[in-house]
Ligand SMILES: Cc1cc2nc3c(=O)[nH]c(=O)nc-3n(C[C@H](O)[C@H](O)[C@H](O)COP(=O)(O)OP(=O)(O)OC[C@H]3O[C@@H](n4cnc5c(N)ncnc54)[C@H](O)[C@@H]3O)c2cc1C
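Just the one chain here, laid out as structure tokens, in the form predicted on its own.
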């Protein structure tokens, strides 16, 4: 590669995760000369499709889509660039240890029939439960496409009838507590509580997990609120479409370009230095990396206020998610709904969680430094709905599991990775006995592996907890919320900023808008 030292840009974006690519695309569409630098050889950050075994293509980290902002899809013309999402239907298949099962559909009446197998009272209450969430989502939605809301913005959004109770539900209650208010069936509560802990170091009875539940139902796919969908080609097609749009606007993307230092002079970011010795100059630098890595790694404590340094050091960044990727010789044959041919038990999400108590117990084991004996898992077999992702007659399976701590009380991840993965497979095998024997390839990614491969500190998929005390103006650190940093011309555009993580795009879009607004307003005055 030719020497690119001292090439100057209007903006440099650190990291090619979806938020970084979105920010770059918006800036370029506004006429800026933009460079994106990616440490790996593949773009996309955690939004990638990879081939761990020949002929098997699978979404390595993020795995289904719902939250991507419609504004981003529209503004960046992502459909024209290959973004193709289809809602899952059925949404979920949930087998239980006693041989019964539940299936949720896009059709609310069909879902109510499934719920009625366990409780007719709960089937009748289901609409009221969703009406509550629809109301909360309507209050919150206008706050997502702007910087973190101030207190007056929140008061305005939650004004009127039931506003105070909606705010209390959103920020104070546990997901289990909310479900207890509406339902009696332990099985239904087991199904619905898992959305309150996804990616989070908390159990379903932890106060604030109702917010995590909201975070996972606030998007739409195909017009269906809270529905999830597969992206054709896997999640790498999301970052691929955004990158295509960005390149069409003139963005330059370099891979194998790891940023080790943000160059700072007179309190302002002036560019970046790479591991290989190259350097690039820019008027502004946007970091899609997590706040810990950005502030304490690339910037350095000497350039930062002491209270910010202490706040970042105090962030809860250790994750507890295990991702297990499987190559299967045949589909799981579930005892609750038998069959190795493609059926409704294979084409949506597969949730393994017997009860609220089971999930709470799994978390309490993690708190003690132990991998969950009976982990919760959210499984997907995208190859059952789409050709080209596995060899003929074979399948891929993605298992998103909790919990296993970053720091184990006994042993190391290097020593126990295989054991933890096998326990997850065997737990699923209790529901589909053929599954362990069908595994022809397995890759296990614990929190340290996610950190090493993707570059997310602690392997926390949200760049820091999304419980209420880590959201709003306090994200990433109280007193330093927002996209602008104390370092002039340096911005954060990743999931560690408002309104948080997942394949969402709001942090990247909002940050780009703030960069452009700041450029129009001129330099800061002292």
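Since we're looking at a predicted model, the values are computed, not measured. Positions refer to the first chain, counted from 1.
What comes next is about the form predicted together with this ligand, which is not displayed.
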Partner-contacting position among 35, 28, 64, 490 - heavy atom within 4.5 Å of this ligand in the predicted complex: 64
Answer option from 456, 238, 210, 404, heavy atom within 4.5 Å of this ligand in the predicted complex: 456
Partner-proximal stretch of 115-123, 134-142, 87-95, 256-264 relative to this ligand in the predicted complex, 4.5 angstroms, heavy atom: 256-264
Heavy atom of each of 299, 471 and 511 within 4.5 Å of this ligand in the predicted complex: no
Distance check, residue 83 to this ligand in the predicted complex, heavy atom within 4.5 Å: no
is_contact(residue 39, this ligand) in the predicted complex, heavy atom dist at most 4.5 Å: yes
Exercise: residue 102 in contact with this ligand in the predicted complex, heavy atom 4.5 Å: no
Contact flag, residue 477 vs this ligand in the predicted complex, heavy atom cut 4.5 Å: no
Contacts with this ligand in the predicted complex - residues in 490-513 whose heavy atoms fall within 4.5 Å: 494, 495, 501, 502, 503
